[in-house]
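Coming up is one lone chain in structure tokens, specifically the form predicted alone.
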């Protein structure tokens, strides 16, 4: 009995997160001008969605202290959607005050990781999400994304079941029922496997599908599963995939979580499969070289290790 080949998706949105998840992994604050050069290189490579930074306490993450300045420098770039991550209502208000209209609210499924990451319980984060939602309702043209950290694994508690994700997601969706929303399932440690990713997306989408609800995946390549996990997420309902140019980054509150999935590795896999991303791969590799040259940065890109003359564009 013959089987129908798995067809590639018609389109996939790449969300570049190196300016946030990548830069924050570097302990010593980078000069703002160096960040600007890296971001400009990404824009020139064709990146159209970008998480440019986060509005958090500069005491907790001094690397993110200049996020407002970076937003001001790139807010008028034609065709570029800028998002900023926030952990609380104060961060959301700062993002809006700086002209950000795509707010990424983060909380973890794991109680232990949420306390480590944002210094409060999951229930407290959900309470604050309700206040953020009210704030966004009063701001025209704003978009909310919910990042669910440790959706597959926690560095402290181990494997996370889809039922654990569902328990947190159901409460969050109850607070956002009248808003367009993108939910990102985040593999914070990189320990997810492709079939675990498939099960989580299949189960959760089956339970919570609704008009105006989109799905995304944020992965790390700690165990070499980044691209495979992203492809499984795409084929089970994710329409946006986070990646970091050069594979730069890792969660500072997740021990062992090294680089993000490299944008160039993911783009290469998609383009070789006939999926057009609108990204210029040679220019993206040039941007990855710039990321790799940042002092204190750790990159993990497979494609950068292949001699350029051997690459099939």
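Residue numbers count along the first chain shown, from 1. Everything numeric here is computed off the predicted structure, so don't read it as measured data.
Absent from the display: the form predicted together with coenzyme A. The rest refers to it.
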item: In the model of the complex, the one of 40, 271, 57, 32 near coenzyme A [non-hydrogen atom within 4.5 angstroms]; value: 57
item: Contact assignment for coenzyme A in the model of the complex, among 131, 101, 90, 203, heavy atom within 4.5 Å; value: 90
item: Option from 209-217, 193-201, 228-236, 115-123 whose residues, in the model of the complex, bring a heavy atom within 4.5 Å of coenzyme A; value: 115-123
item: Proximity of residue 181 to coenzyme A in the model of the complex, heavy atoms at 4.5 Å; value: no
item: Exercise: residue 85 in contact with coenzyme A in the model of the complex, heavy atom 4.5 Å; value: yes
item: In the model of the complex, residue 94 touching coenzyme A (heavy atom, 4.5 Å); value: yes
item: Any non-hydrogen atom of residue 301 within 4.5 angstroms of coenzyme A in the model of the complex; value: no
